[in-house]
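Quick heads-up: it's one chain on its own, the form predicted alone, in structure tokens.
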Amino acid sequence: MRRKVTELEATDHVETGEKAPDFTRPLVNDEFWEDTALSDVLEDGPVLLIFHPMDRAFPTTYVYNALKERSILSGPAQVVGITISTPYDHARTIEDRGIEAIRGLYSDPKNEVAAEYGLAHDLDGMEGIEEPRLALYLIEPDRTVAFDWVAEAWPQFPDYDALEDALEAL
């Protein structure tokens, strides 16, 4: 199947140098989940926060495969994903994708965190159904955004080289 590239509307999203909004949602790892604040995760060091489409969407698979291939999942930042998928879907995704090295996947079924970051968009143009646009945020422990990359089209994939440069600068 051939996919059509769709330009996304411009967005007023959180950018490098700004404070990342804090939030609390269920954080799923390969064993369990519990409500966890982003600020609590940041107490253990910098975070690479990945907003991505639903767990089984092909962009999600491609992103996590690229992060594994580039050894970013085991790098200097804790890797945390967030999307509208449920904790049950996240537990299965972590196992199916072999991404147990990540800190976890946040479940945000109402897409409220993506809205706060300026990343919400209608899913395939369906009224009332949203998901986050693909975005990467490297966040320092004081919640300052050290790097951001936000998709301007669907599908579009991150600039992994620029991300690796930002990770090296930590």
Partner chain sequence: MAEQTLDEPASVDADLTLYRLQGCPFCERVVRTLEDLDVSYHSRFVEAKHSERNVVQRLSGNREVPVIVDHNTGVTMGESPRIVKYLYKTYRNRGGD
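Positions refer to the first chain, counted from 1. The structure presented is a predicted model; accordingly, all values stated were derived computationally and were not measured.
Only in words, not in the display: the form predicted together with its partner chain, which the text now covers.
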Its partner chain contact in the model of the complex: A101, any heavy atom under 4.5 Å: yes
Contact test in the model of the complex: E112 vs its partner chain, heavy atoms, 4.5 Å: no
Is the gap between A77 and its partner chain in the model of the complex 4.5 Å or less for some heavy atom pair? yes
Check E69 for me: does it contact its partner chain in the model of the complex (non-hydrogen atoms, 4.5 angstroms)? no
Partner contact check in the model of the complex: of 113-121, 24-32, 51-59, 138-146, the stretch with a heavy atom within 4.5 Å of its partner chain is 24-32
So, D108, E130 and Y160: all three within 4.5 Å of its partner chain in the model of the complex by heavy atoms, or not? no
